[in-house]
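Taking the form predicted on its own, here's one chain by itself in structure tokens.
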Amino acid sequence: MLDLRRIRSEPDAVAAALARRGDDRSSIDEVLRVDAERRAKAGQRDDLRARVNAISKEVGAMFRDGRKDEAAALQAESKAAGEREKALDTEVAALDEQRRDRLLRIGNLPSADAPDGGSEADNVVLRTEGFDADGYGPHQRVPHWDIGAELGFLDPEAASRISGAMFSMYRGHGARLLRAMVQLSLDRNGDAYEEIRPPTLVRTDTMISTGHLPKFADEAYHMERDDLWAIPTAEVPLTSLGRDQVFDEAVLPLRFMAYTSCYRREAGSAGRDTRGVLRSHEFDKVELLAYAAGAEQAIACQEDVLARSESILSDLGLAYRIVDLCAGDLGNSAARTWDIEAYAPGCDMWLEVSSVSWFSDYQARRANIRYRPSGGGSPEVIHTVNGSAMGWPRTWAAVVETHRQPDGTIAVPKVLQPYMGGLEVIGPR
């Protein structure tokens, strides 16, 4: 959520920043309109409250002086003023809700370092690692859904029978390979990130804290009976670990990681990339998240998450590239995002396997997470950073396609072999 004080003091600058996202200034103007009305009514309410208090003292003095008739007249005025004060208080509360609702629907301000642009086509490829378009043999140009069927790694029919369309089922060595990747990621990052196993069903205010609500309600799974939401990413519960808390600056940055299943409706994606495991309503992911004291520390945390995710892809023997998202393609809550895309030769596609984002103080302002500066002064809102250590279904697809051998078996990357019971090659079950 944006800082209301900044919207009041720099409305043109805020509107200009939002214009880089492709948003017009109507949302800012509406916040200012509601805010001005709220402040005016709050002023009237406070004046009436002061008048009621003053009348109360005058009435008391009149009764002591025996001026009962005058006191009765003032009491009537006080009653009318009190009733109007209560009505205004109700109107102020309603305007508070209106203002908050409008603020919750406004996206974050893009970082000045985010490239300009209006869509995915304007994203900037910062660098590409390990890619040679001519370096893949015909045996690697087989899509993972065909490999999965051939080796018994994937069972889409059973998944559809059990859960419906756009769910995945891994079997045998396919399931074990997925689990090996997850464990590698947890072990690799356990040196600096505290492992958390959070709930995967969360309250509405937990989803609001990260910006997934109210704007993206249609993309989430909601259990109406209990008013709980299935998490779209572990970023949601990890961000709220510190909700309504104040930390000492000396303990920052705080770093957390979590392996969870994640749930997304993928609204509007039907018919697009729906074969295999590229788009699924349920998928496994290991998430890294940090609380930081200000922008400088946050950007260092963002760079750390990026480096850790890159190292895993490199050790898995995958080609990948780093993409700097333009302002118009940023997620609603992000100020700056670097996507990591792994190349899958069978699909002949660059697959987003990690999205590493700095959210400035946008999420923490919603969640009310602050820190006490070491040098003294009032608590300040922390900055949050998060990124996938790896989104595993797409990474799984890239590994299976990249490491397919001419005989149709899969060479297990050396880094995964300890998690596969020493297996170097996997074939049909």
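Just so you know, these numbers come straight off a predicted model, no measurement behind them. Here, rigid core means the biggest group of C-alpha atoms that superpose within 1.5 Å across both forms. For every residue, the number given is its place in the sequence shown, counted from 1.
Beyond what is shown, the protein has a form predicted in complex with the RNA; the following relates to that form.
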Open item on the list: Looking at Thr206, Ser78, Thr260, Asn123 here, can you tell me which has any non-hydrogen atom within 4.5 angstroms of the RNA in the model of the complex?
Closed with: Ser78
Open item on the list: Within 4.5 Å, heavy atoms only, one stretch in 356-364, 52-60, 26-34, 395-403 touches the RNA in the model of the complex. Which?
Closed with: 52-60
- [ ] Verify the contact flag for Lys86: yes if a non-hydrogen atom of it lies within 4.5 Å of a non-hydrogen atom of the RNA in the model of the complex, no if not.
- [x] yes
Task: Non-hydrogen atom contact Glu70 with the RNA in the model of the complex at 4.5 angstroms - done: no
Open item on the list: With the partner left out here, check for me: in the model of the complex, does some heavy atom of Arg8 sit within 4.5 Å of the RNA?
Closed with: yes
TODO: Indicate whether the RNA has at least one heavy atom within 4.5 Å of a heavy atom of Arg38 in the model of the complex.
DONE: yes
Open item on the list: For the stretch 358-373, I need every residue with any heavy atom inside 4.5 Å of the RNA in the model of the complex, listed N to C.
Closed with: Arg370, Arg372
Open item on the list: After a rigid core superposition, would you say the CA of Thr90 moves by 2 angstroms or more between the shown form and the other one, or not?
Closed with: no
- [ ] Spell out whether the Cα of Glu58 moves at least 2 Å between the shown form and the other one when the two forms are superposed on their rigid core.
- [x] yes
